[in-house]
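Only one chain comes next, encoded as structure tokens, the form predicted on its own.
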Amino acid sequence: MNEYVLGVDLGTSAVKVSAMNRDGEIVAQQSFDYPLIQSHPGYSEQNPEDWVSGTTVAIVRLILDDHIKPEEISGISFSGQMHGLVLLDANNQVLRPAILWNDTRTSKQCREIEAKLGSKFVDITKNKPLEGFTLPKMLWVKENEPDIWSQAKTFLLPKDYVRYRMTGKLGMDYSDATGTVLLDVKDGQWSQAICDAFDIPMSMCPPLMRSIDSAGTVSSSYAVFSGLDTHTKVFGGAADNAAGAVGAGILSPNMVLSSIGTSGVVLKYEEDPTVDYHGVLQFEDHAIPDSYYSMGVTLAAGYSLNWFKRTFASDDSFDDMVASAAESTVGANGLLYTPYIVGERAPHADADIRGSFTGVDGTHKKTDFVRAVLEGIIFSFKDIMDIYDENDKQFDTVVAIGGGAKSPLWLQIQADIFNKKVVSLTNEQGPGMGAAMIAAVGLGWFKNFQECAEKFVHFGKTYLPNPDNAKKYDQLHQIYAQVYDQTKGISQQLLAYRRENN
């Protein structure tokens, strides 16, 4: 009999479910889109029921259209968009739309956390309070929707809610729990000190589990809903960045992940839980037991390119637009782009900063602007990698996934700007691959993730830095690094004007 695991990749715009066999081959794959709710500037929400419905439709299609037999599905696990707040009442019913990771309404609450706990907060959580994290969202609901807050008995993150609907059991894995900034990372427990400081009942915090831990089996009610078999085991799963790192083979300290999706992520495997980046980088529990990872996020990486295409190149295909950057030069003929069009997270935690093109000249062409966007996104990643250099965290290989790994030109730009070897994957599936690997290890198909990666993860072409280009990019990055300070005040004034007049 064939035997499969399902990797559920619950993203911001869609869910993708992959069926994989013991050889790490994708046998079938289905996806389902769902909408965002953006009722006010800076707000970003979703209906959790859309995640459940979308996941279920994708599974039903695997069974009906791809002829995956329910009894052949041995395990399921998850990758989930991080930080999104799902509030449940005493009957585990959803109280309001989920507030997502890219919602920026909580600046006031972040300042309140800093004022009350100061450096103690970073000592406990290894992170600064940022608008994207879950705790500030909880405080926003507490302050602005007291009727909702008074009914709230439990909170979950997106994938945890979908898993609850599959199994009937509440829980959260450590990699997602660290992203709530309610976890004491050193002790591996919910922080009593933080809950007490903000009058959050400890009972609201769900049980903790490892990513590879069993969360039960498919419930009889969900089996009827989805067509799955009740023997199928369900595992904890991981935050999307942790799952993406697993799926990209980031399993040792010499490797760094460069991921370009809607946002961009630079992620490094960490063995030492005492490393201190002073909250500038996020520090999280990994999907790999007793391991960690650090990461910095650029909020508008792929989103910058999508915005540019939608606004200035709508008639071009995406591939043709990106390829046209080859007609420009290293440094885009003296044009710089800062990708702060929805604010920024690392290394500048600033919800009010906005993007810019600097050095615009009457001789610049559209191809220069395209190249400036490609380079600007990678310059923002270089900002994050410089923090590793400053802390003597050596690495020699960058694994590129997402949109930045689909273009040979953009891969070479990464190698030249990072001045590091860059490799892509031949079977890239990102977080969905990691989710499937979590289920495979949880089932005991492999003794650990390293053994699993030998079957599931396959590296492709290597891109080496061009020394001349690397030298030019080093000079340009030093100029790029000055733009934030030069434009911060102007961005704040323009944003204030827009809020007053819109």
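Take the two forms, find the largest set of C-alpha atoms that superpose within 1.5 Å, and that set is the rigid core. Residue positions are given as counts along the sequence shown, with the first one as 1. Bear in mind that the values here come from a model prediction, so they are computed numbers and not experimental data.
Keep in mind that the form predicted in complex with a small molecule is not shown, yet the notes after this line are about it.
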Heavy atom contact within 4.5 Å of the small molecule in the predicted complex, the stretch among 207 to 215, 302 to 310, 354 to 362, 187 to 195: 302 to 310
Check all three, 319, 322 and 402, heavy atom within 4.5 Å of the small molecule in the predicted complex: yes
4.5 Å heavy atom contact, residue 328 to the small molecule in the predicted complex: no
4.5 angstroms heavy atom contact with the small molecule in the predicted complex for residue 14: yes
4.5 Å heavy atom contact, residue 262 and the small molecule in the predicted complex: yes
Any non-hydrogen atom of residue 169 within 4.5 angstroms of the small molecule in the predicted complex: no
Single option in 369, 140, 161, 410 placed near the small molecule in the predicted complex, where near means a heavy atom within 4.5 Å: 410
Answer option from 420, 153, 393, 406, heavy atom within 4.5 Å of the small molecule in the predicted complex: 406
Rigid core superposed: residue 308 CA moves 2 Å or more between the shown form and the other one: yes
Residue 214: Cα shift of 2 Å or greater between the shown form and the other one (core-aligned): no
Shift of residue 406 between the shown form and the other one at or above 2 Å (CA, core fit): yes
